[in-house]
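Encoded as structure tokens, the following chain is the form predicted on its own, with no partner shown.
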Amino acid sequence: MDFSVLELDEDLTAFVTEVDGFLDEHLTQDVLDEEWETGAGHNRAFHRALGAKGWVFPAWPVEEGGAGLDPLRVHLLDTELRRREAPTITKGTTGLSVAGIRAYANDDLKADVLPRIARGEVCVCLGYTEPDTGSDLAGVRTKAVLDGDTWTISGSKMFTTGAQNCQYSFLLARSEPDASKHSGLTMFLVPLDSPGVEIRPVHTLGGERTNVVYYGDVQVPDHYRLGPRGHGWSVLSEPLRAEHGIGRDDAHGLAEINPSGLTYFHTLERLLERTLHWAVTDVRADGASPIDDPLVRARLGQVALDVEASRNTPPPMGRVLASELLIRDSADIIDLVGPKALIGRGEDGALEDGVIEWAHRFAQGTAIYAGTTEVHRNIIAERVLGLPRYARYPRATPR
């Protein structure tokens, strides 16, 4: 492993300076405060400012609305966006849908949607999970019925994060009710301004906003179908692989080793930084600081090791590890710091702007985000270890 420092030449240093200047101008305290208050994962003005620079998809060619950046500059830009805590969740869901749109949308739809996505004018949410099916995506019940060249879509989607920010939903529906489970699905890019679409907020323990989206006999022209009828599972496969961090190309050695756990270990790293600041600056009655205690140093050292373990464990194992270490370590830090760690941001006596309290709340939901840790354990068992699929035997009939 190469632990040497990456030296930036004059051009790269100038690029980082440009990024910092952009963020100083557009990622204002008002934007950050809005994210704390709403948990929306998106700020429209900031996102459009990214689009104006070609930085929504910075690696895309300039003629396609990107900035034509090389992989190192893309990596530096992403790093600065994370370091400055930019609200980019909706940018992320849009990015996951783009592979499916590029590969399966008709030419007219691609020509209409992709340039607007690049400019930051259009965002896309993920219409996967349903209230009654959980992580079993192939079990979706939202119906799509074709009449002429128009589909009628009816049903509901749960945990549609960012729907309130988006113009389209990348939606999976059951179009062939008599076909096998994986064969009767069709993918659509549903305009969310269509009559019959209702978006209702769901606020999580961690402060994020997600949504339930209802589709009440929504009329969707066949123009918005992605891929062949009944082949929705194939359309969905590549975005799912990207979301789970499987099969990513890293020809330049710059990609994160654990992309599916990135948000979780980044949160743990942020929590560690804030706790270290508390440990160094807090002064006890005897004049000592917490960091003077070797047990405090040992416990924080364990968290630092856990950050690196999470960062360097590839998916799908890394997704499970990053979540479970964040849950464990956030609780341990609450125990280490004491009752004041439970005071939330904006309240009298809040430590480190409430980040310690928030991280503990946020950690609890990470075991279910983007596929539960149980689902990922099944993926590990079947695809990494080569174990047989879990057999579901019917219940015995009472005699």
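In this text, all values refer to a predicted model and were calculated from it rather than measured experimentally. Numbers follow the displayed sequence, beginning with 1.
This next part talks about the form predicted in complex with a small molecule, which is not shown.
Participant: Check T28 for me: does it contact the small molecule in the model of the complex (non-hydrogen atoms, 4.5 angstroms)?
Facilitator: T28: no contact with the small molecule in the model of the complex.
Participant: Please run the contact check for T129 against the small molecule in the model of the complex: heavy atoms, 4.5 angstroms, yes or no?
Facilitator: T129: yes, in contact with the small molecule in the model of the complex.
Participant: Does any part of S310 reach within 4.5 Å of the small molecule in the model of the complex? Heavy atoms only, please.
Facilitator: Taking the distances in the model of the complex, the answer for S310 is no, it never comes within 4.5 Å of the small molecule.
Participant: With the partner left out of view, is A67 within 4.5 angstroms of the small molecule in the model of the complex by any non-hydrogen atom?
Facilitator: A67 lies outside the contact set for the small molecule.
Participant: What stretch, of 362 to 370, 40 to 48, 54 to 62, 349 to 357, brings heavy atoms to within 4.5 Å of the small molecule in the model of the complex?
Facilitator: Single hit among the candidates: 362 to 370.
Participant: Here the chain is shown alone; which of M158, V197, I257, A138 has a heavy atom within 4.5 Å of the small molecule in the model of the complex?
Facilitator: Of the candidates M158, V197, I257, A138, M158 is the one lying within 4.5 Å of the small molecule in the model of the complex.
Participant: From the list S289, T133, T150, Q302, which entry has a heavy atom within 4.5 Å of the small molecule in the model of the complex?
Facilitator: The residue from S289, T133, T150, Q302 that makes the contact is T133.
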